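To begin, one chain is listed below as structure tokens, in the form predicted on its own.
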């Protein structure tokens, strides 16, 4: 699947009324998925047309990332009965992801490398091709963000349809694809003035400077490969609970398992796909019960080496976008920024 062609477009201005009009226009063609506040947390869910005013553009990262829209935590692939197989299609209406952060956009681009590369996943590709991406640029970093280390934020760079920046009571909107530009042209939003454009440029510079948490990525894969036996790994393993929470909330983790579930009649059942985690002991268990990662320290290393070494070896890019979800979620307080810094001391 090829990404949408990038185009240079003018920045347009939407007031609150125009922004609402934009969302309603999107809802006529797409199901709207957006971050909303629920019970002291922010979640990404599909909204009904009368819930569009709940979209939060300045919200912290959603509890689960955008990957859940393309590959649900659990879904049925097919149903079977003796002598019959019924594959299940995608069965989904085109959707628009509205208000996702630039780091989540970057994560989707990394998942594209995995799911639409040499081994293409038809279900993912189909869903990816029929969506519309509206990215909300970040004006302030969140406590555990380190997105600038991987060029994934705080402002979107490419491969989006629309990018919106809420600034001084207005929404500055720019198209990043032909589809996005056509959409804005129909709405007839006015272009920004020179002063408004200067404010946007200044806001981007200030947002980048505000991200103080950093990962030094210089020769990072080599650093990891030279420190396989560093004491920090045992220290982390002693704290890690192997719960897999960090991989569940990670926007770029993509491991899954497939199981056939047989009904009590022993004649029918279904095949289901579900997220899984390299931190869980059963993940690496093979025939006759052998497990090459039986020790927790091996599983801890596998996760971080995959993000910062193996993924880079395979795709030429790091498998992390610096969203900070893993740090927010880890009850043991394990922070990749601190771990990687310890390897350089």
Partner chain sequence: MQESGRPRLAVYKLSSCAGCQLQILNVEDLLLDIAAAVEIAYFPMASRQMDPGPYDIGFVEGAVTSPEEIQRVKQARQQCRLLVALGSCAAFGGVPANKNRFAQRVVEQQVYQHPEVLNSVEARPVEHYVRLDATLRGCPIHPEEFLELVKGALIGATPRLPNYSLCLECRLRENACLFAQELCLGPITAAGCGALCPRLGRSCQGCRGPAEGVNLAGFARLLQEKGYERAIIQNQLGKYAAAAPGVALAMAALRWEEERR
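Being a predicted model, the structure only gives us computed values, none of them experimental. Residue numbers count along the first chain shown, from 1.
The form predicted together with the partner chain is left out here; the points below concern that form.
Heavy atoms within 4.5 Å of the partner chain in the predicted bound form are found in one stretch of 183 to 191, 223 to 231, 152 to 160, 257 to 265, which is 257 to 265. In the predicted bound form, no heavy atom of residue 141 sits within 4.5 Å of the partner chain. Residue contact check for residue 46: none of its heavy atoms lie within 4.5 Å of the partner chain in the predicted bound form. At the 4.5 Å threshold, heavy atoms of residue 40 reach the partner chain in the predicted bound form. Within 4.5 Å of some heavy atom of the partner chain in the predicted bound form lies at least one heavy atom of residue 242. 237 is the sole member of 96, 237, 215, 211 with a non-hydrogen atom within 4.5 Å of the partner chain in the predicted bound form. Of the candidates 207, 248, 167, 273, 248 is the one whose heavy atoms come within 4.5 Å of the partner chain in the predicted bound form; the others do not. Along 280 to 294, residues 280, 281, 282, 285 each place a heavy atom within 4.5 Å of the partner chain in the predicted bound form.
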